[in-house]
Each structure stands twice: as C-alpha cells, then as structure tokens.
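Let us start with two forms of the same protein chain, each given on its own as structure tokens and named structure 1 and structure 2.
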Structure 1
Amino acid sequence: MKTKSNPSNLFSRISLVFEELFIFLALLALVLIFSLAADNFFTTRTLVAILTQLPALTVVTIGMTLVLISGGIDLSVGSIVALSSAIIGVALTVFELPLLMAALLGIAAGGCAGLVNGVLGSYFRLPIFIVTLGMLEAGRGLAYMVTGSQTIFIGPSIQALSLPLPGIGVSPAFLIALGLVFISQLVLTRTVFGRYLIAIGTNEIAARISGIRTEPYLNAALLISGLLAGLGGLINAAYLGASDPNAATGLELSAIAAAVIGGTSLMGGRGSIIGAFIGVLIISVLQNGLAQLGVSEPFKRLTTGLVIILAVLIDRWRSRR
C-alpha cells in the first residue's frame, strides 16, 4: 500500500529528521499565546530581554543533559554557579585580579567541584544523586564562606559579557551559550565520546563488555557539568554585575526540567542538547510572559506547573505516534 503524503505523514517524516519538532511547536504555541495576551510581548525588546537572560541556564542545562544521558544526575549545579560567581567576585574586588584570570578561577572551581562529584560517583561508585546532593550543600556553604555571606558588587567591568552587542542585538554570553549548544550536540551525536556516554547510559554492563572503561566517561560528564556550571557562575555574575552567594538556588530543577521537556530521559541513554535548549526557551518564555502579564504569584506557580506537564504531554503524543 502506497502512503500518501497527508499532513500527519508529513509531520512524522519531519519529526524523524528533527525529533524536537513537537516540542518546538509547543514553544511556538506559547509565544503565540503570550503575544495575544500581552500587548508588548511580541517585540524585539522582549526577545532581547529573553536572550540576555537565558545563557546561564543554557550552559548549565547542557552539562545536566550530558550527565542525564550518561545515566547520572547533577543536583549541585546551582551551588556550583553560586560558588564560581562568589570566587569571581572576590577575585575581582578583593584581589583585583584581571577579569580573564578571575573568570578562569571561577570556571576552574566549578571544574574541581565537578571532579569531586565525578570521582566519587564513578571511581568510588557512590550513588550520584547523593554525591551531588552533598555537593549542593557543601558548595553553597563554600560560596557563603568565600563571600562572607554578602553580595559582592563587581560593577560594570564584568557586564560587557551580558550586554547586547551593538548591531547584533545579542550578548556575547548568548553567543557563547549558543555555540556550546551546537558544539555539544555535535560532540554527543558525532564523536566517540558522545556515543560512549549514550552507550553507558543505556546499558553500563554491555558497555564494559564492549571494552569501554566506563569510569572516565561518567567522571568526564560530571566534570563537564561542573565546568559549565562554573561558566554559568561567570555569566550570572556578568548578568548581575555582582556575585550573590544565594544565586541560582533551585537552578538544578529548572535545568532538569528543561532537559526532560526537550526529550532527555532520566533513565539515561537518551537525550538531545538542541531539545534541552528548546526546553530552556520554553521556561524563559514562560517566566517572561507571566511577568509581563503581571499575574499573581499563586497563579504564576499554577501556570508554570501546568505548562511543564503540558509540554511533556505534547512530547509524549509525538512518541506515541
């Protein structure tokens, strides 16, 4: 029997190539709804505002997605963001290091935290959930220690990273985040490293029998997540012009939500960075739109909850077909 190219068929064909199609349509629907509901939502200004906000969540979500694909989870990203931004703030204001130095220090601190997570979770084989939960507490504690529990004002020097570039309209931080999205999507789908992460996340025993040393890869995923959270700390500090030891509380849940909305499985072995990025966009658009409408906090919470559930319902509908 020949199949005609009726619309549903076209959809399924496109969604074979572009798996994230349905979740992308959900994003468009959300944009449409807000454009109708809020006068000034569908404007360049809003677009720029959203694009300026999301780089920190984006880079953190990339790392989270890699960790989830390898079969782990990283609850410590929020605390690492705070720690890195605390270190950057202190380095810039107290020790008056040059910006590049400070930034590298912050990212390195994230890397160290990620490495501790990685070593305990892979070589010592402790449950990664618990290791990173411990790091969530410990990292926050360190951030308080570094800053003496105070917000550190850094000033405009660091903000260049977050200011829209003239002519392009988006910030360097956004460009970095976008670049990382594409690079890591390529790493995931087109390199041995990515393939191994997927294999380990799918069936760790089979991966070992296939000659893959699983520890270095699990470790690397958590290390990368730590480094990216360190970068997130830099971006956050640039966005605020300050480092706040309380920054990014609960960020881990947003990052996981973004990844899962974008099709990543919490059981490991399946996921897409592009999808996760669309997840980040959905979360950002939602927050922005609700703020522009000025709805009450209870209603905001309720709506956020419902949209998260709806987004996965739509995605489920895709995979059912």
Structure 2
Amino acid sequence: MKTKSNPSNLFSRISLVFEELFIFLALLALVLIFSLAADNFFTTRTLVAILTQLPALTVVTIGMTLVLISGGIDLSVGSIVALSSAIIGVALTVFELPLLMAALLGIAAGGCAGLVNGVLGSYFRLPIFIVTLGMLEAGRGLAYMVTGSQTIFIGPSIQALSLPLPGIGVSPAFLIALGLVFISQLVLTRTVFGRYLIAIGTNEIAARISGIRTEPYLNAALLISGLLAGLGGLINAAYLGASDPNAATGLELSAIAAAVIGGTSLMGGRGSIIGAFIGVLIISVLQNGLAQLGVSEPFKRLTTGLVIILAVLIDRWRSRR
C-alpha cells in the first residue's frame, strides 16, 4: 500500500532547496564583490588557497550541523581539534608511531570526547551547552598538557594530506571533506537516523511519545561531531605541518555561523549539510577577501561576529515565518 506524502514535509524540503539556491547566489555575489575590490582575488592562486583551508572547517561544520538539527549545540569542537592534533603530533614525533596509527589515535580521542559529551548530555540529561562548554576548557587544557604548551613540528610526513594532487589541483583532505558532505546529506535525508534527528530536534517530547528512544540518537550526534572534530585535528596538523595547542581557537563559532547561514536552525529540527557547506564557502571567501584587502585582524574578527549575529537574526526570521 502506498503512503501519502506529508504536505508539510514536502513544503519544508522545497523551502530548503530555495534557501540553498539563495545562499549560493549570495556566495556568487560575495565572490563578485571581492573580485572587483581586490586585484588578485579572482585567481587560481586564491582559489587553491581557499580550497586548502576549507577541509578542517567543513568536517567540523558537518558534525555541528547534525548536533544543531537534533536540538543541541557543541561548543567543544575547536578544543577537540587542538587535542586531536596534539595527540597526533606526539604520537609521530615522541613515540614514532606510523602515520596511520597516529591518525587513528587522534580521531579516536575526538570520538572519546564526543562520547563523553553525548553520555552526559543525553543519558544524564545535563544541559548540552554546559557539558560542551566544560569540554571546551578540558580539551584545550589537555592539548596544552600533551604538548607541554609547545608547538610540535611534525615535518613533511603528514603534509601530503593538505597538498594539491598533481593534475587535480585539490588536496586529498578536500576530497575527503567533499565526500563526507554528500554522504552526510544522504544520511540526513534518506535514513531513519537522519529523520529521527530532525524529529527529535523539532519536538523531543513528541518524539518520545511516538516511541523514539531519543538518548541513542542525541548521543550519536555528539559522538559523530567528536569524531569529525578529531578528523579536523588531523587535517589541521597536515595543513600547518605542526601540532599547535592554540590551534582552532574560535573554530566552533565559525562552524555554528556556517551551519546557520546554510539554513540550519539553532532551535533544532531543520538543516542541510549541503547548505552548511555553502555557508563554509561564504565564511572562507569572506575571510580571504578581507585579508587580500589588507583588513586588520581585529576588523576581520568584528566582521565574523557581525556575520554570526546576522545568521542568528535570519534564523529567528525563518522560525517566525
């Protein structure tokens, strides 16, 4: 027997498609503005620089988007990136482990941090905001302890992950991030897991009444966010060629801004991985464009803050509509 489609769900999907189209047009407009304002912006060199910087923020934003859709928030991703990078650096230089094993240790550390967030937030019912805020401080402190508060230079062994491939022009890290974008979009829109996340974010009490055990899904969202932040630590270490305990400071704010710009609601129950990726592109183009215009670092931070506020205002407008 065929099931009838829900008109509200159909309207929501159509609305998301139009929003993604609008966001993409905004990205093109931003590129046009910087191309006219900066002499060397619309060049292959700038494009390669943007694509090289994208992967870490992209993978972190994917995890953040899933958490936001479920009705939570993860403030710890920047510190988890730093912790994962620190563990990878120590594993490679001090213990001289193979690159694959060091990478797996770093990603596993991110997963452990995400699991702690998930268990405390979903099973112990502690506020996710407070739990991840605590992990933000704990993760950064562990990163300092692991590295001895020093930058660890890894060398060229890991940098191949962030270097453009011959004949392709993009790095393996970018290809990994792009693949995760499409896989995550399919998981969100075509699987029970994704639909349950949306249902829980829309109304957790109603989801419980309908028979959904919300704890495993909320826990899984934060676990995935931690694993992807661990992967972000690997990509960040490859990009820098070093493990810096100060790395990724404020990355959580950029990830939240990219997700919300891409159509994800801070109230939960609504979002798109493709839209969030376009949001990442907007953030990256904005930062690179301002840098080419010679804008000072304080002004760039001010601009990023204003973008976050604008994204929140747009989210509130969408919710009221």
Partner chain sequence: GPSESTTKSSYGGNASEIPVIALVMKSLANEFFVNMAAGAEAHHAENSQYYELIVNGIRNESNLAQQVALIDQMISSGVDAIVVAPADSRALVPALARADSAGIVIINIDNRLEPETLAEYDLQIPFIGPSNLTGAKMVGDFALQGLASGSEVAILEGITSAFNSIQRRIGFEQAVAEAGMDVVTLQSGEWDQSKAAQVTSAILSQFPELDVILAANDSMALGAASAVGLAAVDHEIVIAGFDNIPAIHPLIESGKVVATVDQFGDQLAAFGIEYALEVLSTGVVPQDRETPLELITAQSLPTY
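Every value quoted in this text rests on a predicted model; they were computed, and no experiment measured them. Take the two forms, superpose them, and find the largest set of C-alpha atoms that agree within 1.5 Å; that set is the rigid core. One-based numbering along structure 1's sequence throughout.
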- The chain seen in the form predicted on its own is the one numbered 2
- Align on the rigid core first, then pass along the CA displacement of Thr304 between structures 1 and 2 in angstrom. 3.9
